[in-house]
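Only one chain is shown below, in structure tokens, and it's the form predicted alone.
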């Protein structure tokens, strides 16, 4: 009659199942593809424009939390189930491993010796004590000092190395759970936000993912200066930096120039350089020469303003380009001859001040300088669980190295009297990397023969 198992036992076996582990890992890997293919935490308009999806499809994906997958209830549920499975598997197997390490079998019987793949038998002469001493010295020199047990007129030797290597897998399990805890701390008490700071101004709050709720900082972040450099022959940015100043109660407490991958950190927040853009209208400085009279003046003003030039006319800056057709900075301007009618727009180049002379107009215009204001875009992260995650990562590396590069190796020897001489039987086992241990045992077996067998 078969034994009936209770519901609790079946539930325990379910959570301890390796099959459950495999299924969960496959589901986590499969669902993570969603977070890779679909960019996370964009606005509805951006999803509909970039992915070309209808409002109905957007609403379906939104209800399934595909747009914030790593915070979704079903992904967190999978992670929680994986954690429970990991804990149950560890609890089930840990007592046996602990007993192997803390209470090793010091005396191996004949049945145990028959199970060893690494075995050796030697018949030698002399007393049991002398043979014991020789074998003990050999193990001490080649392996480690053995534990000697005398039983029923036989000497039993047991030696082991790296018994705690068996705990490497549990260190790895613990590290994964610690990383989970750190991630949960970050999800619950942390946030990701953004803020744009116009050069020369400050902010005292950042904006959350939804872009609607400001999050007070409790201090002020100034963007004192922003600089961007471009690759030669193109408008692609080469590098951009922001000089940020942190002020509390009107006093400067921290100053740092940040760039991509070199953020500012203050009071649990990390400010990353994420983007930039033009802000406000540029300010120009031109040199204008009236061709007829030769009179030359320098004028300074903002875009769209009428700047007085000789002859009662006005110069009007219309636009600016940091790299016009690979010729460098340029401004588009027009001239109001005094009748409030704009003339045809034309372009002047900062690097080629004599370029406009070829136009043949009443005025020769040179661009001397253009100052374009910028704003810096910062990504702001608060993650109080990051140090917990780092601890978990350290343990993960340590546990993996122990589990894969260390092995619990054990050697048993029995020395017993025979009708003629003394019999020595040796058996050994390693719980990992058996081929390498077999090579070691073959050398040990050779040394054992050389030590005990007279030539």
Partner chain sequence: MSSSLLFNVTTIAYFAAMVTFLLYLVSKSDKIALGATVICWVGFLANTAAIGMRWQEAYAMGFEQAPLSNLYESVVFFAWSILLIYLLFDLKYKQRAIGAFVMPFAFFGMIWAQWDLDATIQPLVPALQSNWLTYHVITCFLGYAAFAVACGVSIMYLIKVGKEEKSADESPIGGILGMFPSVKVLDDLNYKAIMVGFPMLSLGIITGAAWANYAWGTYWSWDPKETWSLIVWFIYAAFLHARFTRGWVGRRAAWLSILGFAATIFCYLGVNLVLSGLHSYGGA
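Just so you know, these numbers come straight off a predicted model, no measurement behind them. For the two forms, the rigid core is made up of the largest set of C-alpha atoms that agree within 1.5 Å on superposition. Numbering follows the first chain given and starts at 1.
Below: the form predicted together with its partner chain, not depicted.
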- Task: Although its partner chain is absent from this view, report whether residue 433 comes within 4.5 Å of it in the predicted bound form, heavy atoms only.
- Result: yes
- Query: At the 4.5 Å heavy atom threshold, is residue 239 in contact with its partner chain in the predicted bound form?
  - Reply: yes
- Query: Is residue 62 close enough to touch its partner chain in the predicted bound form, meaning at least one heavy atom pair within 4.5 Å?
  - Reply: no
- Message: Would you classify residue 32 as touching its partner chain in the predicted bound form, given a 4.5 Å non-hydrogen atom cut-off?
- Response: yes
- Query: in the predicted bound form, which of the stretches 125-133, 373-381, 292-300, 103-111 has residues with heavy atoms within 4.5 Å of its partner chain?
  - Reply: 373-381
- Task: Go through 272, 155, 116, 363 and name the one with a heavy atom inside 4.5 Å of its partner chain in the predicted bound form.
- Result: 272
- Item | Sole residue of 226, 355, 75, 222 within 4.5 Å of its partner chain in the predicted bound form, by heavy atom | 75
- Counting only non-hydrogen atoms and a 4.5 Å cut-off, give the residues of 244-266 close to its partner chain in the predicted bound form. 260, 261, 262, 263
- Message: Rigid core aligned, does the Cα position of residue 35 differ by 2 Å or more between this form and the one not shown?
- Response: yes
